[in-house]
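There is one chain below, alone, in structure tokens, taken in the form predicted on its own.
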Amino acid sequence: MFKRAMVAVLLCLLTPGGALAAPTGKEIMSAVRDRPDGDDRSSTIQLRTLATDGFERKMVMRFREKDEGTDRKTLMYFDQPTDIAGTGLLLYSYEETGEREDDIWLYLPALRKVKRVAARDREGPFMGTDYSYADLERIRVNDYTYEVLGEETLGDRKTYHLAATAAGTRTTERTGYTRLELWVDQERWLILQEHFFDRDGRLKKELHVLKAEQIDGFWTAIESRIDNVQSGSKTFMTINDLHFDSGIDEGVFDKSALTRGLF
């Protein structure tokens, strides 16, 4: 509730009715990170990756997420296809103001082993998709410095167009990105489009939000696509059965839950 109150104050300052000045890039990204999204979230996520040779791979996973104060815990558990069923990923996202790196653990049922994903490995592809492990982490506003490039309209949505430059080598070492460009919905504080630039400053991939809906009072991107401009592959994500504030048990996010799975 404290987070919701603070975001409400911030959004009041950023909207035309209460604005004293145009928002800075950091203010915009803080509003994106802190926009109200309940205390917990659960859904089923479908991923579909299309390679340049036409090969298509579909995956289905169950998603659970819960806020614990300023920290956040996320569990992803794959049900399909059969060759990866039982694979799980657990992510602990810590308060940004601290020095502690987020923790990511991956459970591979074929090996019956839980493996920690090191920071240096997080720019790698997540389960063969065009998402990286770093893309799964919660937004860390202070990892970048920002410039507001202007305002643009995407479809029927007014957006702020931002450039974000990695604030140090630590960010690039973890994510593989030196620079981002983002288009943020001025009303809903959703990222509607994002461009990612690699270690050499080349455009690597693009995120496009295809559909957003208000569910249980919270705006959420429920359909999106990643275009890997270097490889030519694409990954589509669709979120189904999304619920907020359903009272997810904290035990779901224990490391042992990776080996047990979700029932």
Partner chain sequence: MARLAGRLEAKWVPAPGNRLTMILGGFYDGVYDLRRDDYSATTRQALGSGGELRELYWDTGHGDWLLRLGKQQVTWGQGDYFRVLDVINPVEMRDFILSYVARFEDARRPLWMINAAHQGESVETQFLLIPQFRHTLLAPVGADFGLSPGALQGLTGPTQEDPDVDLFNPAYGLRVSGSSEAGFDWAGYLYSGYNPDPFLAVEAAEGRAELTYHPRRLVGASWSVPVANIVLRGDLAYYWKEPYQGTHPERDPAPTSDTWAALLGVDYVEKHWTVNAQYGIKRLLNSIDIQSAQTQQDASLFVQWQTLDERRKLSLLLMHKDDVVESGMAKWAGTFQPHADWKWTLGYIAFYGDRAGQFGQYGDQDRYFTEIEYVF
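Nothing here was measured: the structure is a model prediction, and the numbers come from that model. Heads up, when I say rigid core I mean the largest set of C-alphas that superpose within 1.5 Å between the two forms. Residue numbers count along the first chain shown, from 1.
One more form of this protein, predicted in complex with its partner chain, exists but is not displayed; see below.
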| item | value |
| --- | --- |
| Residue among 195, 57, 225, 33 with a heavy atom within 4.5 Å of its partner chain in the predicted bound form | 57 |
| Candidate spot 23, 138 and 153, all three touching its partner chain in the predicted bound form (heavy atom, 4.5 Å) | no |
| Segment that reaches its partner chain in the predicted bound form - one of 101 to 109, 155 to 163, 140 to 148, 180 to 188, heavy atoms within 4.5 Å | 101 to 109 |
| Proximity of residue 243 to its partner chain in the predicted bound form, heavy atoms at 4.5 Å | no |
| 4.5 Å heavy atom contact, residue 117 to its partner chain in the predicted bound form | yes |
| Any non-hydrogen atom of residue 167 within 4.5 angstroms of its partner chain in the predicted bound form | no |
| 4.5 Å heavy atom contact, residue 53 and its partner chain in the predicted bound form | yes |
| Residues from 232 to 257 in contact with its partner chain (non-hydrogen atom within 4.5 Å) in the predicted bound form | 251, 254, 255, 256, 257 |
| Core-superposed comparison between this form and the one not shown, residue 191 Cα displacement 2 Å or beyond | no |
| Exceeds or equals 2 Å, Cα of residue 76 between this form and the one not shown, core fit | no |
| Did residue 104 shift 2 Å or more between this form and the one not shown, C-alpha, core superposed | yes |
| Residue pair residue 120, residue 70 - Cα distance in the predicted bound form, closer or farther (3 Å or more) | closer |
